[in-house]
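In structure tokens, the next block holds one chain alone, the form predicted alone.
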């Protein structure tokens, strides 16, 4: 019996060393060596080297001179990375319909120069509530407001959006998209920083 116990203990120790220590250390080391930025959270730094967000996690922007993200149901006030999740409201939900109607009215009021209908993603939350991207169409819809707030020709802001459109991964996966944080930082670099509001950019 003791022989079996000793064999079991040996197997346990070897397994612990291999799967609990050696493998995690090797994978962490390779990730840091090959994909350091991604392994550390894809953090975004400002010109002073201060962390201002992650390119993987959406943020709230309310200043008219910046592009706004899609709504978030993550946490009480949205955009809470510790409470990732959707609203779970179904297509027949009156609460969802009322919220969308309110958002559409707010966006139309704040974007009077936009000619097209409000893009659906600007009034609906993502499954995670933390989507950092917009479709090119949803970003371009906001160009007239951003340009007017900054006193710029819309074409200049449009070119900034178009320069930051990310294509499909490996040419096949996903859809073209624009990272909202990167876009707003590009605006500041090209045209100067605008005074931030209390809730974001």
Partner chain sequence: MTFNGWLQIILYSLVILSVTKPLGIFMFRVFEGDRQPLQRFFGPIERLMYRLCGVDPSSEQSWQQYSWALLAFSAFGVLVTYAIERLQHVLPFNPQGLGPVAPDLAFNTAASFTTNTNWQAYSGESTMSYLTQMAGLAWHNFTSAAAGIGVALAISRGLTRRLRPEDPRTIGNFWVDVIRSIVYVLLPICIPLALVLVACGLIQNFAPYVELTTIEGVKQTLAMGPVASQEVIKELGTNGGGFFNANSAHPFESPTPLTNFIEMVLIFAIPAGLTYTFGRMARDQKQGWTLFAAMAVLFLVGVGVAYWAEAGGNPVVNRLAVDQAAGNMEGKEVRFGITNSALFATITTDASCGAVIAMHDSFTPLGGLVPLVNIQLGEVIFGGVGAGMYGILIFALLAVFIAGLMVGRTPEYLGKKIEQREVKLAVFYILIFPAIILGFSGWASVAPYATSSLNNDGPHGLSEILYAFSSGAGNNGSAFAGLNANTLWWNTLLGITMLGGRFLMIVPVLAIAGSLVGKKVVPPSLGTFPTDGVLYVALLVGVVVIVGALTFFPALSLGPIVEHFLARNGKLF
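Numbering follows the first chain given and starts at 1. What you see is a predicted model; the values in this text were computed from it and never measured.
Although not depicted, the form predicted in complex with its partner chain is the subject of the following passage.
Remark: residue 189 does not count among the residues lining its partner chain in the predicted bound form, judged by a heavy atom distance of 4.5 Å or less. Contact between residue 155 and its partner chain in the predicted bound form is not found at the 4.5 Å heavy atom cutoff. Taking non-hydrogen atoms only, residue 101 approaches its partner chain to within 4.5 angstroms in the predicted bound form. Contact annotation: residue 112 falls outside 4.5 Å of its partner chain in the predicted bound form, judged by heavy atom distances. Applying a 4.5 Å heavy atom cutoff to its partner chain in the predicted bound form picks out 123, 124, 125, 126, 127, 128, 129, 130, 131, 132, 133, 134, 135 from 122-154, in order along the sequence.
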